[in-house]
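This text opens with one protein chain seen in two forms, each one given by itself as structure tokens under the names structure 1 and structure 2.
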Structure 1
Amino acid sequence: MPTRTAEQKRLAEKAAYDAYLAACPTRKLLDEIAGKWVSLVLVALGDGPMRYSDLSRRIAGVSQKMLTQTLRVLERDGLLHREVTPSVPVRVDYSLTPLGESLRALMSAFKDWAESNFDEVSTARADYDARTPDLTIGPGGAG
């Protein structure tokens, strides 16, 4: 089956590309900060060290799982420091490392771009939506 082989070849190429993506530092960073909470933790910690519960309140709608997971990942990547104080009720403080601070700074540049070009994008969207027929608008009945 030559056609089958061609399919296999395509899949192999894809797998190779996927591996390439997985190895790409930029992609890894992208995947990392893509999480809903990463940026929030970063900026929150930008104000200085915070305890777990402080972060939890500051960030509001975050579950323990997500907050903990986010903190773990960032800690593992050396972006933030975790300091445990073995008090009676255990106390844990989180703070940005220089590396984490540099990422936070990068996010600022990012934020700056987003805010600067926000209405340009909005305008483009409105324009695009105006040009598009009536997709997704569906005025008609129950169907």
Structure 2
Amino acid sequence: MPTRTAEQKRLAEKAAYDAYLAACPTRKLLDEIAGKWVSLVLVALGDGPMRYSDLSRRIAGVSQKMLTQTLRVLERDGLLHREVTPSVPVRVDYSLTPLGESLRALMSAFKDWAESNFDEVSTARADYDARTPDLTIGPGGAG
């Protein structure tokens, strides 16, 4: 029986991922990248490298704790690069890696869809709430 090449093994392992299975590691990755702060940070960094304070101003409502946490997760996952420039004060810039850029394109499409279709979704929600007043879903949605 012929031995499999490293590429064949890699492809076989990749094919074995199934996010519908609770134990699949891609489920955790989907959970991480599906957060609103992740999508907004990735889309904001699509405009080019930014400092922490620039990101904080750009993404209204994000707390310091959540922005820091989000940046660390994205760096750990290889989606962004953190560059420290020694100066007084120290300068830290964040930029997307090629992997992060590939995800940014998808997140940007989600953001654009939400902005383009919010009125229709809002109308559908109001219609639903009017039909089923005791089953109203809270502002966080059904997630």
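In this text, the rigid core denotes the largest set of C-alpha atoms whose superposition between the two forms falls within 1.5 Å. Values in this document were obtained by computation on a predicted structure and should not be read as measured data. Just so we're on the same page, residue numbers count up from 1 along structure 1's sequence.
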Have a look at both and say which one is the form predicted together with a further copy of the same chain. 1
C-alpha of Asn117: shift of 2 angstroms or more between structure 1 and structure 2, rigid core aligned? yes
Provide the displacement, in Å, of the CA of Leu21 between structure 1 and structure 2, taking the core as the superposition reference. 4.3
